[in-house]
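What follows is a single chain, given as structure tokens, in the form predicted alone.
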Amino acid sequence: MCGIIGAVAESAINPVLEGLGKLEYRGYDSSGISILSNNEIQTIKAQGKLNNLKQRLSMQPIEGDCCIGHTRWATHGKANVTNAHPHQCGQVSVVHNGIIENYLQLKQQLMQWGHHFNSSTDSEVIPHLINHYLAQQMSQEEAIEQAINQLKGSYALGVLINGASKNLYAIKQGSPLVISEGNNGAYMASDAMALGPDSGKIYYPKDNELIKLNTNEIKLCSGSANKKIHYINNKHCVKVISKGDYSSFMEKEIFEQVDLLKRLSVNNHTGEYSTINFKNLNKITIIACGTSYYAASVAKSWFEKYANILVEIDIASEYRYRSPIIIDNELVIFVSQSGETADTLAALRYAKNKNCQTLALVNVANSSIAREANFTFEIFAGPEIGVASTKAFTCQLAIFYKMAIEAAKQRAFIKNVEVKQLALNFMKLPYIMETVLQRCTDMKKIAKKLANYSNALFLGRGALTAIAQEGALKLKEISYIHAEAYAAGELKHGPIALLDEHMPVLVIAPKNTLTDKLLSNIQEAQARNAPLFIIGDSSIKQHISLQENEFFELPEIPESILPIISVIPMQLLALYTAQILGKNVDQPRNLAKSVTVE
């Protein structure tokens, strides 16, 4: 989950710091750099946000043309300067993204050899191992390879070794890594987003390929042999990403959804989706984590309702550990915004070993999951900087909806006129969404009232249960208010015990086939004196007395696209509640954007 970057370039610290700024969404517990300056590795680290590191560097400026940097999301050891990366031993400094599972055994062995450790991290064993083998007169490449052979777990490493050759090495196992050659130097990073605008050529290393970067060359090292790297053209266009006039990236990304949906409704990718033979499928399994899992839950309802396909959804971190039953003609879909989610990637490899058809639904076309799946559909959300996902979620839903339309066509489960209506409903999406966003001031009033509570209960029915779950997740992610969500019919099967005047209940209640059922659940909550907040159709006011700051009105919405529209008020509610409480909505505590460790 950490972000790593390295550069061999004139004034290498500048592209490293710029890259760390773009990688800070991967972790902001601490940061640090190591730079080769005057034939000596100098390491500077700071606790907290990247600005703290920049402040330290402004007081002790250093120059060099070989530099590595790291922004940390803590796994082993507290978030402090001692545990911050890079970790250094002798002439070796290392930045690491991943987890070394056998670090305790390695640490004990190194201590027996006379090594002394400063940090509580798993990562510090790596420079000690490399330095140990260098002391045995091994070459730099041999020392790194010997050390790597001792490691169990996942890693992407940047290794800086002091010496006349000024070498920077990069290697990975199960964690993302990209190598780049630009006009002004050579770079390695855990994410292509960190690369500079001159990075015209990129290379995605395979596991345990050792890459050497210096001022003269970028080489793929295999033992004592050097092989030329074959680059691909970099379609990734590095843009200046800013908040513009918005208060946060999250707010900007919420309002960007209208234009994104307009593009998706205009750009017809139906031909792309027809590459999947839905007609002969016996089952679809959708694997995801967090927000992506709730998108999968909605997709399940669409595929089953409109195409009559059996759909199972699974949490990526659990899938391969429960011995799932694989059947003939099964398609397994893997959903990940980053395309690097470690649990989802591991589940993909498990499914491939079982000879399943695999499909990646990702926001990064060159990501690990995209490269390894049989088919890849991109969601076209663009860079999402806010840690709490918003526009990626709606774009995932949009692509799933279009896939469901294609499946409905192929399987002819519903009439052609109904399939056409589903497509027409999709065309209406961005315009209805724009109407909802124009009422954002109404949501600010609700958020002001909700911010007075420490807990909240979210309710929905049918496909909107997943939207209630996503709404609860967003609220707790960025406001730290404890929130849980249930299918409304489950209220009386346990959660109703929580209801009193201190437990607000938020209900998604648009007009649909389940509205009457939902009304009885609302009345059950109201009878227990629970503060009530409704996101729904105005007709519900005929049955329940609500104040202005307790009701957010939705326009008339076709039932098929209700889940995509209904999540917008949820996102706004979380955003405004967190802002009222003074929270950092873009970088919530303990969270990172891309979960690249198990």
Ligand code: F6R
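Residue numbers run from 1 along the displayed sequence. Every value quoted in this text rests on a predicted model; they were computed, and no experiment measured them.
Only in words, not in the display: the form predicted together with fructose -6-phosphate (F6R), which the text now covers.
Checklist line | Candidate stretches 182-190, 278-286, 83-91, 472-480 - the one whose heavy atoms come within 4.5 Å of fructose -6-phosphate (F6R) in the model of the complex | finding: Contact criterion met by 472-480 only.
Margin query: Between 257, 465, 292, 154, only one gets a heavy atom within 4.5 angstroms of fructose -6-phosphate (F6R) in the model of the complex; which residue is that?
Written below: Looking at the other structure, the residue within range turns out to be 292.
Notebook entry, point to check: fructose -6-phosphate (F6R) isn't shown here, but in the model of the complex which of 213, 388, 522, 456 has a heavy atom within 4.5 Å of it?
Noted result: Flagged contact: 388.
Check: Would residue 337 show up as a contact with fructose -6-phosphate (F6R) in the model of the complex if we use heavy atoms at 4.5 Å?
Finding: Residue 337: contacts fructose -6-phosphate (F6R) in the model of the complex.
Note to self: Against fructose -6-phosphate (F6R) in the model of the complex, would residue 341 count as a contact residue? Criterion: heavy atoms within 4.5 Å.
What the structure shows: Judged by the heavy-atom cut-off of 4.5 Å, residue 341 is in contact with fructose -6-phosphate (F6R) in the model of the complex.
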